[in-house]
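First, one chain by itself: the form predicted on its own, in structure tokens.
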């Protein structure tokens, strides 16, 4: 099948979807090409969900500028998209005199980047904000926050789709050809996509998209970070984010404790270069390390509090022998007019995503006229809160209107049948088990789906006619069942 668009975006992570949503404001035909069966299935759903303030990056770099701008934009964006966000602040903690010098350097760097409210605290002031934290000084950054990373990614895509953007899921780019008329992308499924402007937002695969055009100057080195998720029993134990002072030569910001907007605490991430961009393994050595360092930062954690591990991958431009950070590449190529290339968008890519979208919009405007769409729908319908988080009177009204709100499917997270049905009936049409999980939070509790997964399978079969071979966990080859046994 052949498709034709004004703009084609390769990659449906948070950056690609933010660009799609931004361009959906204008009268143009926009599409997103994604090799997975749902949006945000890579780095965008596998990170800390931290909204960074902008203290960690060298003044004058794209990373620094887009981080601070994205942090400022994110509050309004989340209100419009009905996504949970909390500006809870962060303590970067020093354990010795060298760390204290690092804190002063970070404060000076952050202020040069325009980060407001930075303050170095003594031990007593630090303990007043977060009792029980070990350390002798801390840098407090009040504009640091937390956000649901997959919730934001899905909301951006849903909103772009509502405003006319097409999503082609399960379509992997296999060849790219440039001509005076634009670009032709052929997928492994045999479909052809023509576009006047092509945007490479492929994240871990950005270098491969470059290579399809003959651009050989970039290489992505996948760097894996593993996390542990703590039970909600510890909800409230942490009032701010707690990071160690970064040490020279690290590939990340160090193992830290992170609240999530849904009440869990994360410990991680580690950093380990791997060969493959889809190597999401969790290893016993790293898990043991995370438990040890988690105990050091927050004494009192018990083994029973660890409910799950997961890993994500950073799209680093720096090889293992160098580590550290390299600036984002966001360029409008003169050798391939109309090709907007994004490479090495690792942390703080999530925070920077709305600012990156603004920047890319400006690049698109150099190639195509931007005429505002009169019918643009400015806000995503619905609510940020889950049903069980609503006031009692509002819950009673909803149950009276729809009895499916009164049936709990996921006991751990208190997710109702109606919320599962809404997740299945998503605007993108994505219906993997992982897609339902990310949209509803079912299967994310202590039992990790032991109670609710069979019930969700029954809903899919009864309400939507699923056959055993239809059930996919997250990808084309991840079948849950090979047949019916009873």
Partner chain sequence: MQTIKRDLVVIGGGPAGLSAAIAARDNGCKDVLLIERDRILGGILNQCIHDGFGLHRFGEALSGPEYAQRYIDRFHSLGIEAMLGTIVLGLGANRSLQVSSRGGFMQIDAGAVVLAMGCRERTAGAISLPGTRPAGIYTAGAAQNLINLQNIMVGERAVILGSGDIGLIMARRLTLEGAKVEAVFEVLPYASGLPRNIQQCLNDYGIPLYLGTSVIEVHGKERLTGVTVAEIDPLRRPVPGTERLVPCDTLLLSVGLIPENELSRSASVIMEDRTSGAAVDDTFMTSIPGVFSCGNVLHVHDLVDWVSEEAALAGACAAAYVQGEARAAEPRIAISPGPGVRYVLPQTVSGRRDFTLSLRVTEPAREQAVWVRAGKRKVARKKLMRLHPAEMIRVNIKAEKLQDARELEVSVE
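Please read these numbers as outputs of a predicted model, since none were measured by experiment. Positions refer to the first chain, counted from 1.
The next section is about a form of this same protein that is not shown, the form predicted in complex with the partner chain.
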| property | result |
| --- | --- |
| Stretch in contact in the model of the complex with the partner chain, which is absent here, among 424-432, 447-455, 26-34, 58-66 (heavy atoms within 4.5 Å) | 447-455 |
| Candidate from 321, 379, 119, 393 lying within 4.5 Å of the partner chain in the model of the complex - any heavy atom | 393 |
| Proximity to the partner chain in the model of the complex, single hit among 235, 162, 239, 309 (heavy atom within 4.5 Å) | 309 |
| Proximity of residue 80 to the partner chain in the model of the complex, heavy atoms at 4.5 Å | no |
| Contact of residue 142 with the partner chain in the model of the complex (heavy atom, 4.5 Å) | no |
| Heavy atom of residue 281 within 4.5 Å of the partner chain in the model of the complex | yes |
| In the model of the complex, residue 303 touching the partner chain (heavy atom, 4.5 Å) | yes |
| Partner contacts in the model of the complex for 393-422 (non-hydrogen atom within 4.5 angstroms of the partner chain) | 393, 395, 396, 399, 403, 404, 405, 406, 407, 408, 411, 414, 417 |
